[in-house]
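Only one chain is shown below, in structure tokens, and it's the form predicted alone.
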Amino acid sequence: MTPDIRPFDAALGAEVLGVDLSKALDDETFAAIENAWNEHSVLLFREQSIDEARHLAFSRRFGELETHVLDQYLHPEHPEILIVSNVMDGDRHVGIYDAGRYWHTDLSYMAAPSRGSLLYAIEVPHGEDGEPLGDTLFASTSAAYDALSGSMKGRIADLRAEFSLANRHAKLVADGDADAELEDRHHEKAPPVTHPIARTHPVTGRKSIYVNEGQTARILGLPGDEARDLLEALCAHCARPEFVYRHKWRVGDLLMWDNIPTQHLAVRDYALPRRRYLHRTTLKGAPPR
């Protein structure tokens, strides 16, 4: 059966109907999903009931999986699954608990950043009014690039930026999160890297703005003040409302996104005893061009 792809009323994203991810997909159905992913950048599958094996099997259809550099948050039996959660085991965080507090794209601080991510909701917190908490915002950085003036496109065409996991965690520590201090092994796995600011998608050929609030440390080749002002301006431009889709989570949602033409931000408007628990797989990518 050909899945029903329904685009969101937003600059990116679509819901996929008529697909049960607990079952193996035929090649025709998978091809339709993959084409929709490349076109819409974010895909939503509601009311899914999948175990770790099915999550991994569906993810592997899109490419090779990687294990996250923050290895203390990996699933104990399935290291390709990253736990995203505020749940505690004694005094230990069982998953990434800040949930992506700053605008970012997954693993942009690596030489070969992640191509995509697939996040499955197992527990979702709710407020007193019954509304879900912990929304995730997605911005289309390709739509943001298209909206740039010709002069700005020319200005950033050959510029590169430095990305750093340490930069993100320094921001967290500065914001009062003492638990965000990195260990030496994390610095060794993820030294600073540089990427082009104007990135080209390997499948669609669309260009996007490839800087973000959380993991971009600085723009290279410009005086300090000019570099800082340009980085802030580009980050603010990408987060403009007309480029953003806001996802309200439900248990059973599987949301997948393309890390090349998007960035995202998790809203941390919940705390224990309200529990949030999700599983994420991450697709290996290639050096940006």
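Every value quoted in this text rests on a predicted model; they were computed, and no experiment measured them. Quick note: we count residues from 1 along the sequence shown, nothing fancier.
A second form of this protein, the form predicted together with a small molecule, is not displayed here; the remarks below concern that form.
For the candidate spot formed by Asp106, Trp257 and Arg276, every residue has a non-hydrogen atom within 4.5 angstroms of the small molecule in the model of the complex.
Shown alone, this chain has one stretch from 224-232, 42-50, 23-31, 258-266 that lies within 4.5 Å of the small molecule in the model of the complex by heavy atoms: 258-266. Only one of the listed residues (Ala161, Ala144, Leu119, Ala198) places a non-hydrogen atom within 4.5 angstroms of the small molecule in the model of the complex, and that residue is Leu119. Between the small molecule and the residues Ile219, Val84, Ile81, Leu165, the one pair within 4.5 Å by heavy atoms in the model of the complex involves Val84.
Using a 4.5 Å cutoff between non-hydrogen atoms, Pro125 does not count as a contact of the small molecule in the model of the complex. Put simply, Pro132 is far from the small molecule in the model of the complex: not one heavy atom of it is within 4.5 Å.
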